[in-house]
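First, one chain by itself: the form predicted on its own, in structure tokens.
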Amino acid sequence: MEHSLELERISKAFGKTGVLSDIDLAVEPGEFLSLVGPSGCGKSTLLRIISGLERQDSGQVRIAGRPVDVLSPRARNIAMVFQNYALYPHMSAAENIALPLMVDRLSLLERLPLIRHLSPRRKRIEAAISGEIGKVAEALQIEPLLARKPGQLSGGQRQRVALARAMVRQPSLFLMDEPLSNLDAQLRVHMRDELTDLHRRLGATFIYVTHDQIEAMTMSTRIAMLDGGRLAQIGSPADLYERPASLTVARFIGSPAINILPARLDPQGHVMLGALPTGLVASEGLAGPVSLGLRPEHIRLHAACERAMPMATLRRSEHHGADRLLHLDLTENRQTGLIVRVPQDETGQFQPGETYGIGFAPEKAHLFGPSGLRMATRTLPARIGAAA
């Protein structure tokens, strides 16, 4: 069943250390929302508050429009998949999956081992639960694993069992706290595909915490990025990549990372790299230092410069399959490195130790003010230093 989630002015501190501050967030039914951000930004704490495992200091959590702050985690009908999967090692996979249903449907007395053979009601409930486990196991393709214990399963298999235990309850929301971080790189890619497919088939609401921005970019309907306990930006993966709201978002989203170059505004608002105009004009802001962001794929290198443009020296290149990443140093500021992504078949024309002109289309650039926030810009008709 699909449910919405609303967070209103959620704040949390541990002692004198503030962790979350005035978080407002609305998640639509059926969304796959990823919470991302650097370590310590509060994303796991926010997930625990949603689940009821942690209590916020202020604010309200609503599921399907209903406040749930006074409800226990069990009463919120939320399934949580942890980083370590939290499977009981002495139980089989089937027993781990069945556990939440057994707790919900059997009384404490009926759960005692000695009652198992004496209670007709328990036998009926166990038979029904067994059927539900079979359906979930079939959906996740783990039927052959049901008799095994966690120690006999691989990381990916334990992940599926943990998901099955969550799914069998038919929860309002699925909450996942870095569930792929313990897997190797190849299995992580495979499980990303499986989770995306599972979300599509279930139509359920997923809230997914990860420090891996590639996971968030490839799986999510929307991404909410936290920074210092505050919501830095929320939007589609394309929104955060193409129009980052701040330097923090720009640096976190994207692999390889965005290039940030020191620039300045002249009195007319023109963005200057050193003494050279970029073709970009700030719509507002005072003359002075600013930061110019350029994605690696939006930079072009020119061997023969027919017009004034910034210069950089190629230091080394990295092979990345179909692409290469070229690492350069700006001629005017050797402390500022630059990464340029080029197709593999173009790399032969660029040699380490050589100096090249830097070109880019102004409309692809991102401008950030002294506060680190994005600045509105416009482009000039004459694009000095732009890519051809």
Partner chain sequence: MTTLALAPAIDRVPRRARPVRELLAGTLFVVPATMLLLAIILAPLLCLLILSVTDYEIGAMQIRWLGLANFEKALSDPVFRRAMGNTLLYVALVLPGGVFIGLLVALLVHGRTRSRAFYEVAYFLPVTATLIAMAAVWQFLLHPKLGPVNGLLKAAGFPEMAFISEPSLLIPTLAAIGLWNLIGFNMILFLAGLTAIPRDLYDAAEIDGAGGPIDRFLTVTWPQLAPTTMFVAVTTSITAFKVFDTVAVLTRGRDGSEVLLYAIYLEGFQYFKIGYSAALTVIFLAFMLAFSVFQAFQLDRKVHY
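Positions refer to the first chain, counted from 1. Just so it is clear, the structure is predicted and the values come from calculations on it, not from any experiment.
Another form, the form predicted together with its partner chain, is not on view; read the next lines as being about it.
Only one of 258, 79, 299, 290 comes within 4.5 Å of its partner chain in the model of the complex through a heavy atom, and that residue is 79.
For the options 111, 315, 200, 124, the one in contact with its partner chain in the model of the complex, meaning a heavy atom within 4.5 Å, is 111. Relative to its partner chain in the model of the complex, residues 48, 88 and 149 are all within 4.5 Å by at least one heavy atom. Mapping the unseen interface onto this chain, residue 230 falls outside it, with no heavy atom inside 4.5 Å of its partner chain in the model of the complex.
When contacts are judged by a 4.5 Å heavy atom cut-off, residue 73 counts as touching its partner chain in the model of the complex.
Its partner chain in the model of the complex comes within 4.5 Å of a heavy atom belonging to residue 169. Taking the partner from elsewhere, residue 84 is found to have a heavy atom lying within 4.5 Å of its partner chain in the model of the complex. Comment: 48-56 is the region of 332-340, 357-365, 30-38, 48-56 lying near its partner chain in the model of the complex, near meaning a non-hydrogen atom within 4.5 Å. Of all the residues from 259-286, none has a non-hydrogen atom no more than 4.5 Å from its partner chain in the model of the complex.
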